[in-house]
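What follows is a pair of forms of the same protein chain, given separately as structure tokens and numbered structure 1 and structure 2.
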Structure 1
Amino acid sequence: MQSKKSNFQTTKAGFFTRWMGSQRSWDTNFNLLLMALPGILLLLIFSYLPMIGIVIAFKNYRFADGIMGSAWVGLENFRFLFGTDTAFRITRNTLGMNSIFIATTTIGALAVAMLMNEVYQSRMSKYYQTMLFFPYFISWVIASYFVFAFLNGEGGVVNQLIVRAGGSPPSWYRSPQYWPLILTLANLWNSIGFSSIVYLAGILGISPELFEAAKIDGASKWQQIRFITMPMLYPLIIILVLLAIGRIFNADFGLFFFVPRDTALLYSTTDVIDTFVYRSLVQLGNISMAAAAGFYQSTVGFILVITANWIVRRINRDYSLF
């Protein structure tokens, strides 16, 4: 904290001397700024202008009038949004599904990382890592084909298994009650390899002397995990979970849109804020509704990120975003 402040001070104090000082520093600063300029402009256009455009949530947007020209309507759009059950449904689904995802991914990735650590010396470990990691690079569109191959009514693998076991398979794409489970499995499949690599790096960073000392004292593998690995990983786990909680208001659009194939019958469990905003905006053309929901997501999300980051910063500055 202290060091950062003083750092900032020197930068500031150096501003005039460096900018105006000698010909060389002026030249350096000018060229570096020039170098950063294209990036600055792109961020200005694609990130900062939309931030200003967020005022659209308080307007009755008409295409002909543009964002600035449309009439102010105060909180009308929000009254409209929160007057329906939809607002409750999309908030519940977003928070609920993301909470399940955070819990399952963290536990799954920790377990996989510990298993990988046991066989890290072996040649096979590379192959395990590849197999677990590859789903991360499959787009959700393709993954939706994968899921379809399992759940399709004509010939889907899961349906065949159920029939073989003597049951009658449900019509998956018409039964919302199964989708929290299906989406959780799909998300786990997608992210476990990625997350476990981060935890594995954490485990490999633990001093081996601790484990050697424990072994000499006769500690079993389970005891080593319980009394060394886990306590040493707690800070990392807490930080990663907190950062995930900071983003809990943002759902993975592709997962919720493509995997259930945008089926209206499934919205009660698969509709999240992101899919709702997209549908209202592009498919239904209800811009005011989409803007209100988007504003709601942006602001609550921002507060969550800031809070989570503030807590992370108090635990360990190295891991905080800022």
Structure 2
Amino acid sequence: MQSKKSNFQTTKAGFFTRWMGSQRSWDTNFNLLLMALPGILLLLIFSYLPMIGIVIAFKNYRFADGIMGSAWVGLENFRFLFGTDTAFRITRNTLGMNSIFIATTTIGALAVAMLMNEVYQSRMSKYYQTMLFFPYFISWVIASYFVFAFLNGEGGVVNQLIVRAGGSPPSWYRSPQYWPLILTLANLWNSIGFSSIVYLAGILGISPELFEAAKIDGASKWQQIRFITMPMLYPLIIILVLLAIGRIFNADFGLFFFVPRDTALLYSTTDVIDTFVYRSLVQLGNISMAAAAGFYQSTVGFILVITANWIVRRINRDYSLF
């Protein structure tokens, strides 16, 4: 009897301790939770509540009937989507171009961050950072006019340089083979500044004592980068790449729509899932087809990020995202 009473008191004491611990945790983190509330509401309203509309992908949606009243067609929208070469083309372009963007942006941002770290104490460092970061805030609508000024067949800067060099300038807006490179350069111009700031913050977080010890041992700048900077940045690089892989099926609509100026002759290399969904809505008015393409985009992107994270966990558990 005494033993049962003792166990009950122990259980009661443990419950009380856990309750007090959770209460202290709530009191400590209340301000942080309050700060996160706008972001949570934003996700709830714009990311989770619209998921109800996924059902449109499986219906023949009509405005008059509404979402629930429209006829159920099952996988018919997906059969129509994958029954042509359009699905293969937009999938290939989306995956291919985003893979190139991830690789070039990561390498370019790391290089710029390391260069910025070398002049971080200089008076001009703030100017350099501002000039690199500024393109991130320029709309693709405005950037498309810059690109057109360079590539315009009549008076474009690039064409004039080619003519002066004795060459024959191509018709850029009728030659899809050039646009993977053009879009890659445009994406680098826009995103390399923002990405380099993230890596620069990671470099500045490395203990200076490591570099001082390496200098004393006679390590060159390249050896410091190879054996100190890069190993310390690996977790940050992997996390950012995993997040990018999670959005590898979400192309930058402004880049792929405005910069090529929605030219039909360039669709073989510039048409991606996002531009296809837009044209399905605006030109064809097919909401069900657009919803099916969007559902396909989200599902494959989710599978890719889970797979990539699983591979990272198999290699090094500490570097995984979750």
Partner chain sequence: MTITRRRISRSWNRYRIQALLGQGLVHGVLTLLGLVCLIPMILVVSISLSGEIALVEQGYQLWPVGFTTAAYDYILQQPGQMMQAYGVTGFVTIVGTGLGLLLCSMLAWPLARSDFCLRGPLSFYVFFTMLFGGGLVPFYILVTRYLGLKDNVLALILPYLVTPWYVLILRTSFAQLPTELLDAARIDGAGEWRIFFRIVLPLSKPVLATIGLFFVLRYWNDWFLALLFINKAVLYPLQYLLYVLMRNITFLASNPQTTGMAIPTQSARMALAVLAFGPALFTFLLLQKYFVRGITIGGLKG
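When a residue number appears, read it as a position in the sequence of structure 1, where counting begins at 1. Whichever C-alpha set is largest while still superposing within 1.5 Å between the two forms counts as the rigid core. The shown structure was predicted, so the numbers you read here are calculated from the model rather than taken from an experiment.
K.L.:
Determine, for this pair of isolated chain forms, which one is the form predicted in complex with its partner chain.
P.N.:
Answer is structure 1, the other one does not fit.
K.L.:
On a core-based superposition, does residue 69 travel 2 Å or more at its Cα between the two structures?
P.N.:
Not so; residue 69 is displaced by less than 2 Å.
K.L.:
How many angstrom apart are the two C-alpha positions of residue 306 between the two structures, if you fit on the rigid core?
P.N.:
For residue 306, the alpha-carbon shift amounts to 4.9 Å.
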